[in-house]
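Each of two forms of one protein chain follows alone as structure tokens, named structure 1 and structure 2.
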Structure 1
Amino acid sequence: MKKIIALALALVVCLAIAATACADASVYYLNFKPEQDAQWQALAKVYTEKTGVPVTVVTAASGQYETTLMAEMEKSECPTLFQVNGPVGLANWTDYCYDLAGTALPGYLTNEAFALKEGDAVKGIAYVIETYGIIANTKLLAKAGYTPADIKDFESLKAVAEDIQARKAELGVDGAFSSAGMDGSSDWRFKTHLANMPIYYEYKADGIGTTGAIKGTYLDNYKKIWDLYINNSTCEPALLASKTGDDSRNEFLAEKAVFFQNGTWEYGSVSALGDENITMLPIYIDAEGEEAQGLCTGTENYWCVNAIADQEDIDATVAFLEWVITSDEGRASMAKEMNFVTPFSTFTGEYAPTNPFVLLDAQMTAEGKNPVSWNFPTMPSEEWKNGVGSALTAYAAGTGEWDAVVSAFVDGWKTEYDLTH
């Protein structure tokens, strides 16, 4: 008996030693985007073959990133590379973010704004830029007698949408807008992405980039666009509470709706309608000067290098990232396989983006339109978003008043901001 126990103990000790005595420098990337897991795994393998530095890529399940990150950080082999979503996410992890200012990485950014800074310290580097707006089916628009060029501001968007809604039987659609579902799989499009519009205009008017107390100057405009969405939809406003992201996408794909608020990441599915039949329009909310407004472009994905990792692991991680954004293999993988639009100056020529929505955004910017920045990373918390979402849902269903949205937006912002500062 004793012998067996002694043997078992010895075995455990051996395993423990084996586990700690691994290679000198290694990279461990905790990846956020499940849809790109396979590409990262392949890229990691190529890098290891080339340099001998082991690269582990682990992908967190959708919606479980923070949880996974918290758990992984406890381990002795913790992630050397992880990501935060912007200033609010950084607040949680700032102690774990290595200052990248001394490395070569910030130098590759096309714009300094893509570095996530805290004072002079560069805590994160954006690695993908995304764009959203109102995806429109141009074939159906043409059938109704319009072209995308007819939609220049909120007034014209409203006129077109209401006309389509009124003639929906004749046009064979269920509504102008695909359902603005408030199920958890879809509500972020409105409590986060659409809510960015009034925040953007308020920040712009006040000349600020973040605030502890939002005034809600443009909430009437938020109401206008929300009213337009819910009253010209494929279903009754009261049913939106249970509509999912899939519902909304399927309505658009089945050509039962002309407009669908979403972003570049949806290109993979909406391209089924044919590139020539889809376009993306800015989200107009009847704000002054919106004729010059472009699409909403920004990022909420920042790479951070773990400051508590061993220095050699940190160096290995920085070297890996540099390789990813400068080597042919890395650039090909990011640009062509992951379909990322990156903020790096190295992605030119054959590595330039091909996603039509992205090209459209670039074209609009070139024509002098102002891209709308992503301000939702400055939203005080998930709690705030949920509060706004609940109020929007109740308002749509008629069980709540618009005042509740205003209160969740303005008072909720202050409460949540004060709680975290």
Structure 2
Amino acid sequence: MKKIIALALALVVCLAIAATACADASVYYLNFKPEQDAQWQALAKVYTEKTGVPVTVVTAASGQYETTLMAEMEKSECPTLFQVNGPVGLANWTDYCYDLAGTALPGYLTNEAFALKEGDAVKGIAYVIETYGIIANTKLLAKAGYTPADIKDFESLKAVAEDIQARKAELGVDGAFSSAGMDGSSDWRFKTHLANMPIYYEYKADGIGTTGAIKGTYLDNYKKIWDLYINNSTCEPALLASKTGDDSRNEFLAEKAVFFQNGTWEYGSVSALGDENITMLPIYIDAEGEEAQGLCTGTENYWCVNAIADQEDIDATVAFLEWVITSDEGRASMAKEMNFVTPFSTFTGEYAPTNPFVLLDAQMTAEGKNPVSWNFPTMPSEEWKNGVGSALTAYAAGTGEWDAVVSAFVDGWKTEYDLTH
């Protein structure tokens, strides 16, 4: 019976594709995630071979998505499928976001909270739920005489990291943390993901979910974790401006660093060390009650269909997305090759998550740890992030003061918020 139902579902999807995609229709996906470019290219090829509908995938360089999207939207052959990061991104692109409420796509979501709405209009749908923290090499931790259980707050993280740094020659590493690279391929980890931590705790303390004027209540805590990263690293702080995401990853893979701030999307790379040798720790910043804190879990990845595209291309794009989340080829690619945790009801059984970082997040939550929400989609603009990133880089290099980071964070927030509202 299950096989009959599966065949019937596949037939319905194929008929829907055939009905909606005309001979001249095409799909152009501007992909946000460079680490999944190869998988999207392969999936596009399979779909075109099956349906005859051309699917082009262009992947923006890391940290350059918004700039690339603006440039591509000005072309005659503009993306039919793109992404926004949440309410702030939607505010910039709402006129380009086709209302998906009348399509089948929202019906596949496991929770309507994963639909990005404007009134009753569904302007985007989340396609991946992600988790990040501090990825740790448990084999190297053990060599230094520690286990992950020894790290339960900022104080213990600091003690372990500084001990490893002091004994790095003995342990055969170059530093406790892989380089906190601040070039465009890496700085998002700190001007966005790490910056989420003081925002999370401020929002939590004030009982809010967004603000037009951040107070910076936890910026001293932000300084503590940033100082820990840059002073216990594989390189001198002054060199961070030129260090890339690849540098940081490769240092961790070469076992020259014990800790590497990143997320579930990196599992495909770090799994080379063996699942038994890797884990993920919460990012501690010396905030009160952080011993009950879990990993950072959320999304800033919402698919949007271009409302200004020709209707046949809109229909073809919707059909492509439906195929991706219902077909064996699409689900296998997203679940097993891209290692995505998706919010779609079709990802069960063999397509359920197997990423150990994802399972660890679920375990921590089941044990009563509080997941850290993703609040960075409320950051007022990309320009704000760049200002914070520049100030962090100058501070690390010794050419700037921490007060400049505070100013970029607090004053810059209000300036950018006022410009966009």
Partner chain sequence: MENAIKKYWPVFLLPTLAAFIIGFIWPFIWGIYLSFHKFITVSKTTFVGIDNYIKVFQDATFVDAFWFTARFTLVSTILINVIAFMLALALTRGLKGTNAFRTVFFLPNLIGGIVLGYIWQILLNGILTNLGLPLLALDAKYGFWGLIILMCWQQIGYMMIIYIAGLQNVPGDLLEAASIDGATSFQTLIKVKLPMVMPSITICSFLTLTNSFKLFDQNLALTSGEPAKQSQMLALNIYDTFYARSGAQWKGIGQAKAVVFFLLVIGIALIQLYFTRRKEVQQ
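The structure displayed is predicted, hence computed values, not measured ones. Rigid core (definition): largest C-alpha set, two forms, superposition within 1.5 Å. Please note that residue numbering is based on structure 1, beginning with 1 at the start of its sequence.
Each structure shows the same chain on its own, and structure 2 is the form predicted on its own. For Thr48, the Cα coordinates differ by 2 angstroms or more between structures 1 and 2 after the core has been superposed. Annotation for Asn111: C-alpha shift of 2 angstroms or more between structures 1 and 2, rigid core superposed. The angle of turn of the smaller rigid part against the larger, between structures 1 and 2 and from C-alpha superpositions, comes to 21 degrees.
Superposing the two forms on their core, we find that the Cα atom of Gly349 is displaced by 3.9 Å between structures 1 and 2.
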